[in-house]
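A single chain comes next, written as structure tokens; it is the form predicted alone.
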Amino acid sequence: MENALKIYQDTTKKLKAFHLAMFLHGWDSSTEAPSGCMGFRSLQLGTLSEMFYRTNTNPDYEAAIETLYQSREQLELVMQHEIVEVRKNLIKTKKIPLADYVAYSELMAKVYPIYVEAKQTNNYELYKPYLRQIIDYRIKYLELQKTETMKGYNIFLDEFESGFNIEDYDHFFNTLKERLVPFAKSVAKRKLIYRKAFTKKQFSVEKQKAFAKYLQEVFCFDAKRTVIKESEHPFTTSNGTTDVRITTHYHPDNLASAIFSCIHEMGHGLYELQVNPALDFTQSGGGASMAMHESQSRLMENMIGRSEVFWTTHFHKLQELFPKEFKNTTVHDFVKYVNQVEKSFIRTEADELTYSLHIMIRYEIEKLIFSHKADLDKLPDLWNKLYKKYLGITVINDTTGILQDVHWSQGMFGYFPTYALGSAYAAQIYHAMNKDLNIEKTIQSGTLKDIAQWLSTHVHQYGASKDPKTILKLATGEDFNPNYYVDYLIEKYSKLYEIQ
């Protein structure tokens, strides 16, 4: 077993080196790379993908994994969990023909700039043939990966959140529909009264960047190990615990957008920063799952970042940067503004209460696509129909409709449902944390270091060395319970909108 462990560790070093190359490419292509470079770069990425594939499917490496798997009870706990996951992923990788693996990687490199152009020019027809190619590849992937116990769209759902399938998500979303939708409708009929003059102002992008730097300190987002830049769609990426990068998008006419995308991505980034550094040298670093990752960003963005106590503590900094824009504006005006409920087109700008409805739309479309019940030529029509059904609004164009999210351009089907699940995880974790900390008092201190430490101890340190259900139970003492999420939302918005 000693030789097998050496082969495994040596190969892990090579795979992590490939990860570094792909990490830097992904960051560069989304932030600074000229769009004209992607044709040549896609060929180079195809070569890198082939090299990665061959390393990952090397017979000696495969034999080492099997040896370690068969003797896993003799391994330390982190390796026991890791070898099970690595073996599972290797089996799935080997089912993909090398030619398909390389071709798909090349396609992914080409699609992003086309997607951005299509979104910016409201040109779905430009994007459509590439989306069709992606879907065709993903359908083929499902055929390659199906087993007696795992088929169709469930394969994608399980890859993003192990243990969750269509039945589980249908039950979860139905629970939200039963309790939240009627409440949300009653809230949407009410109006929040506040002074709105500041919402019509233009806000300097440079000053917005200065506030982002201020938030970086508040959220313990270590400047020595992090970077904040701009991209079309905000995201977080990392290479271990020493290089964590986030982006945002600044809008002069929408100050809240950049503020909350920064806080959201810093939540993701803090998770990556606080994983046990020893896991950097393993394949168990990073977040435990998509939903667990989303729980950290939603907890920071909404439960902390939109709270009254947070802005009572930090609104002075906004007023300092934008004295004219916030003239005669109180912190209560701003809190009502950032928490108001309204039917909106854009998922990333949606309020907490209606956010899950945006997720349900994408979930239902994905289910239809991969059960072959959706006309791929008419996906915008399907999208618009569901927005009318769930949110009661008529989509004005494809830029604010089907082109608004980048995920499908990256082949990430099955990802969206984890956003809603992550919000539910967040509420349960927040409830548990509040038993150990006085969260409001901690926020009033001006820094979230105590909250960051609690999350490090109870969630972050484990990285992906345990499955998300185990981490959730370690952190909260309970199995997953979506009622914490529903109760939190009803309590918050009943108070905000003075509903008895």
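Heads up: residue numbers just count along the shown sequence, starting at 1. Note that the structure is predicted; figures quoted are calculated from it, not measured.
The same protein also has a form predicted together with another copy of the chain, omitted here; what follows describes it.
- Taking the partner from elsewhere, every residue among Gln44, Asn239 and Thr242 has a non-hydrogen atom within 4.5 angstroms of another copy of the chain in the model of the complex.
- The contact residue chosen from Lys229, Lys213, Arg190, Lys388 relative to another copy of the chain in the model of the complex is Lys229, the criterion being a non-hydrogen atom within 4.5 angstroms.
- Of the residues given (Ser35, Asn58, Thr470, Asn438), Ser35 alone sits with a heavy atom within 4.5 Å of another copy of the chain in the model of the complex.
- Residues of just one listed stretch (243 to 251, 84 to 92, 400 to 408, 263 to 271) have heavy atoms within 4.5 Å of another copy of the chain in the model of the complex: 243 to 251.
- Among residues of the shown chain, Phe18 is one whose heavy atoms approach another copy of the chain to within 4.5 Å in the model of the complex.
- Among residues of the shown chain, His25 is one whose heavy atoms approach another copy of the chain to within 4.5 Å in the model of the complex.
- Arg138 falls outside the set of residues with a heavy atom inside 4.5 Å of another copy of the chain in the model of the complex.
- Contact check for Leu474: every heavy atom lies farther than 4.5 Å from another copy of the chain in the model of the complex.
- Contacts to another copy of the chain in the model of the complex (heavy atom within 4.5 Å) from stretch 424 to 451: none.
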